[in-house]
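Single chain ahead, by itself, as structure tokens, in the form predicted on its own.
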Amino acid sequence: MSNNVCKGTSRIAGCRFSVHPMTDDFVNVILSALKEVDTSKVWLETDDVSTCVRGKIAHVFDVTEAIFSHAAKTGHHVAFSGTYSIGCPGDTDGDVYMAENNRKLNTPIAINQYAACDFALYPLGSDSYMDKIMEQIEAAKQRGLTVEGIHYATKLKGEADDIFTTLENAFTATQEHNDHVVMTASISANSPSHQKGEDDE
């Protein structure tokens, strides 16, 4: 990775995430999902702990949603944990695909996939950060998701595609007024507790 520090002015977006299929065949589930997703518009690197994608916001969310959806369509309980970031003062200008257009390459999978998500939005350096967070929580409600305040996060329940769209919209809208934005998201699909109508643990 290049050592040219962007000093918080870069509009390079990124996400470091892990996908955890709750099955003995987890390696095949993960590798198959990665193989089915078109990642040609992002920089991607996987190590022994997590995967990092970098590029434009649209493509970072396109790829992370597609990887989660392909893993979840197996029917196994799948958990996704990711940290999205833009404008980090310590970020570098290397390993990016910023010249790409905004057309997404991965068509949403045509399945009815219920999911639950705990997300937290951090408009860093903003004096009115709570107002900005509440704006995005209200937007999630308007989208038709079930929204619940929980300790240290907000829980979203509904279709996985609607959840990822809500996350992308929240991240995009917030970064338009903040140089540095971080958002965490933990998403679960096919959990046994969903079948019981209970929250994920």
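For every residue, the number given is its place in the sequence shown, counted from 1. The model shown is predicted, which means the values in this text are computed figures rather than measured ones.
What comes next is about the form predicted together with another copy of the chain, which does not appear here.
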Proximity of Ser50 to another copy of the chain in the predicted bound form, heavy atoms at 4.5 Å: yes
His70, heavy atom within 4.5 angstroms of another copy of the chain in the predicted bound form: no
Contact of His77 with another copy of the chain in the predicted bound form (heavy atom, 4.5 Å): yes
Contact label in the predicted bound form: Lys56 to another copy of the chain, heavy atom within 4.5 Å: no
Residue stretch of 33-41, 138-146, 62-70, 152-160 approaching another copy of the chain in the predicted bound form, non-hydrogen atom distance within 4.5 Å: 152-160
Heavy atom within 4.5 Å of another copy of the chain in the predicted bound form - qualifying residues of 21-50: Pro21, Met22, Thr23, Asp24, Phe26, Val27, Trp43, Asp47, Asp48, Val49, Ser50
